[in-house]
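Shown next as structure tokens: one chain only, the form predicted alone.
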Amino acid sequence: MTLTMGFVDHYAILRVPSTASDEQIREAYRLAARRFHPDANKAPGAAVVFKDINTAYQVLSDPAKRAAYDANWQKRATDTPGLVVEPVFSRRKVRKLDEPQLLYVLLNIQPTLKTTTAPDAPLNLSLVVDHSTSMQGPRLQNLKAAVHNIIGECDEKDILSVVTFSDNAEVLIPAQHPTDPREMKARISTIRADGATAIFSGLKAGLAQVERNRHSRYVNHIILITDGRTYGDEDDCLRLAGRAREAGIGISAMGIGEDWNDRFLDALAAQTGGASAYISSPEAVTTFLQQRVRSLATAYAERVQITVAPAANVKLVSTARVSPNPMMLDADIQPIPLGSVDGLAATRLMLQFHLMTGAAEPGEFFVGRVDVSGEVLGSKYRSERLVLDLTVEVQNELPEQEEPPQTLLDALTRLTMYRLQSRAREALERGDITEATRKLEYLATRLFENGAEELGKSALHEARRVAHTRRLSDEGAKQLKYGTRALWPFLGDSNG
């Protein structure tokens, strides 16, 4: 079952005022069709956008349907939006050229100041905990202590379940309000380490617990905590994450130590807009788990997703969530799930485009459309839909040099460092030891320049290791990946 987004502003989708004439609506539809029809635009997001455009036109071009729609639209038109999307461009003017030009757009998605209130949406949370043999000792002891803390911090309106898994899954605490935290903690204390790691069985049981109480007014979420690799069921896990996404349920994943598959856990979390994290020591489990649960508890909007539809002469090169929970996003999955928008901080996305302006006339150049939807939680629950068209100006001559906004530059600096470690791993997988070493050495230099001294030392150590052994250490690979990713949220104060 897909959670619907409720009221849709057809006028905003066609980019016309509510007073638009029939001819203006037809002209707006023709322009939108030229931009987004699948025959003219093969980008994945274009097909999603055009489907909404077609629906909007079918309603607004029919007098009876438009009259019925307008009666409802008038009630919503006076509502103050709960969310706002603000773009920051690397430049606003580009030259008419026959070769691709790079454009970055930093999107800030956040509550409007007038409607921001203390978040009060309850959690419907399942903790899915690995208790395989490799978890024995400090890892399991610290994990049990961390779950004890979460039980103690849950509000009575929250719903919590705990699933343990090794070879098979067990629902240790069925989904319930934490009215008897002492009994729940006693059950957690009985967990013992044994068996292998079968993540799918744990996720399946956790999803079933969340689905029992799934509701649009809840933050419905699963947190997976594991220290090992699952064998033979990764594809099943990813398909299950797709089901969770359709149901409006998020999945976050935390890996303890060095033996788990970081690409798998990243993909699992990205399917639903969740977060993935590297826990380097057993002692850090409590901090990571508390931070993730608290961030869910301060959600202002949930089940947020974004569709990015570039123009036919524009290519969307990459999409990254800069903060919170930094992660590269798969733009082939449209709409792209973002999960929650925090009530206390903005969600920031970095879009990278290649513009082909050779055939463009001087003047306004359409880059693409961004469509953000989500559900504002709490006592003022309602769905939100925001449509934003991105444009720059094309000039015949070379434009005056523009200084990119500092906020965007800071984000790009950190994104570049993350990409360096990623490209070093790719070079190593190709067997190009020289290139991998060079990328790691350059990464170390950039990290030192930006004050990340300990991470810079790790990059330099791994560069030397690669040169001598032709491989990264498991610990070093994860330190560099999640360490450079953790730098992303620390942006400057400039608003651009």
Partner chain sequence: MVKCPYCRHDNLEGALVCEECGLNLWSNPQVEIPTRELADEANELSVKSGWGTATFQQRNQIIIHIRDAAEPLTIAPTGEFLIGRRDSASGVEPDLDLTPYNALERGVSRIHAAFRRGDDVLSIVDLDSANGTFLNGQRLAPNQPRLLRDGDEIRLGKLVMHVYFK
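Numbering follows the first chain given and starts at 1. Everything numeric in this text was worked out from a predicted model, so none of it was measured.
The following text describes the form predicted in complex with the partner chain, which does not appear among the structures shown.
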statement: Partner-free chain; cross-checking the partner chain in the predicted bound form, the single residue of Pro404, Pro181, Pro87, Gly257 with a heavy atom within 4.5 Å is Pro404
statement: Heavy atom within 4.5 Å of the partner chain in the predicted bound form, from candidates Asp62, Glu429, Glu449, Glu454, belongs to Glu449
query: Is Asn54 one of the residues lying within 4.5 Å of the partner chain in the predicted bound form, judged by heavy atom distances?
result: no
query: Should Leu398 be counted as a contact of the partner chain in the predicted bound form, where contact means heavy atoms within 4.5 Å?
result: yes
- prompt: Would Asn261 show up as a contact with the partner chain in the predicted bound form if we use heavy atoms at 4.5 Å?
  reply: no
task: Using the partner position in the predicted bound form, report whether Gly195 sits within 4.5 Å of the partner chain, counting heavy atoms only.
output: no
Contact test, all of Tyr11, Ala47 and Gly248, partner the partner chain in the predicted bound form, heavy atom 4.5 Å: no
- request: From the candidate stretches 88 to 96, 266 to 274, 138 to 146, 321 to 329, select the single one in contact with the partner chain in the predicted bound form, where contact means a heavy atom within 4.5 Å.
  value: 88 to 96
- prompt: Even though the chain is shown alone, can you say which residues of 404 to 427 have a heavy atom within 4.5 Å of the partner chain in the predicted bound form?
  reply: Pro404, Leu408, Leu409, Leu412, Thr413, Thr416, Arg419, Leu420, Arg423
